[in-house]
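One chain follows as structure tokens, the form predicted alone.
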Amino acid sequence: MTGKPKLTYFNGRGRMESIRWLLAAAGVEFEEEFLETRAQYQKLIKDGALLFEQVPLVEIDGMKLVQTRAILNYLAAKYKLYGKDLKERAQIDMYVEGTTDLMGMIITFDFTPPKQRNLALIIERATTRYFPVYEKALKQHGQEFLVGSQFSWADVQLLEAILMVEEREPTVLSKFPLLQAFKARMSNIPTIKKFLQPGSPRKPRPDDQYVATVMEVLKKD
């Protein structure tokens, strides 16, 4: 495959959104194919496009990549957002794993029965387990970025996580001044600023229709 990367997923955030963020931060344009029917999904499986019968699927550099972390690793390395050496990569990985855990709680929130949803727990974890780590990291590092002296995947995903939590609780950064400043800096990086504008490939917060579509496409026969 040549040209733009092609992303196959639902027309919503889910596990693909961090991939969209990383490509956008790198200034890479991409195409998308949205799964709307179970027949589309079954055809991908039948054609052998989904190694483990799961999406996201990203077609890039002649490959059909699946598994979110593998895709993100490849993109971060390809577009030089993965540090300058193994030590920096290890740091980036740690920070990314933290934001992945936090965002995972939010991604599954809308798929949880209403009576079982616990937004208070998500906010509590964000403000006592995750955000204090990044606030301290920025203070100790004394740089504009989390790792080294360059913009990295860790910065991209932290901004994504901050914005996801703020959608649920707008005052969540009130006790984290360095993260407030970080958010402002990252949001003004030209490629990210473009991605945050209306009309970009960034997907909105999930609604009931999105949840219903995902459940229908992935339902077991």
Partner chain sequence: MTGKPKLYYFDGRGKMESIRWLLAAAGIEFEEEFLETREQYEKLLQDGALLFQQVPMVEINGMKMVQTRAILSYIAAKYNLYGKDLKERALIDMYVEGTTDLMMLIITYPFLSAKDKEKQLSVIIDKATKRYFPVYEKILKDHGQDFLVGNQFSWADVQLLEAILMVEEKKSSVLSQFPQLQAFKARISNIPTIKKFLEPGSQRKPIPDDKYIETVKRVLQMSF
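Positions refer to the first chain, counted from 1. Worth saying up front: this structure is predicted, and the values here are computed from it rather than measured.
Form predicted together with the partner chain: not shown, discussed below.
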Test of understanding: in the predicted complex, would G98 fall inside 4.5 Å of the partner chain by heavy atoms? yes
Please check if I123 has a heavy atom lying within 4.5 Å of any heavy atom of the partner chain in the predicted complex. no
Just checking whether K87 would be counted as a contact of the partner chain in the predicted complex - the rule being heavy atoms within 4.5 angstroms. yes
Is there any non-hydrogen atom of Y82 lying within 4.5 Å of the partner chain in the predicted complex? yes
One residue of Q116, T128, T108, S149 in contact with the partner chain, assessed in the predicted complex (non-hydrogen atom, 4.5 angstroms): T128
Taking the partner chain in the predicted complex as the reference, which of K183, R69, K175, K193 has a non-hydrogen atom within 4.5 Å? R69
Note: the partner chain not shown here; in the predicted complex, the stretch from 48-56, 29-37, 157-165, 175-183 having heavy atoms within 4.5 Å of it is 48-56
Candidate spot D61, L65 and K78, all three in 4.5 Å heavy atom range of the partner chain in the predicted complex? yes
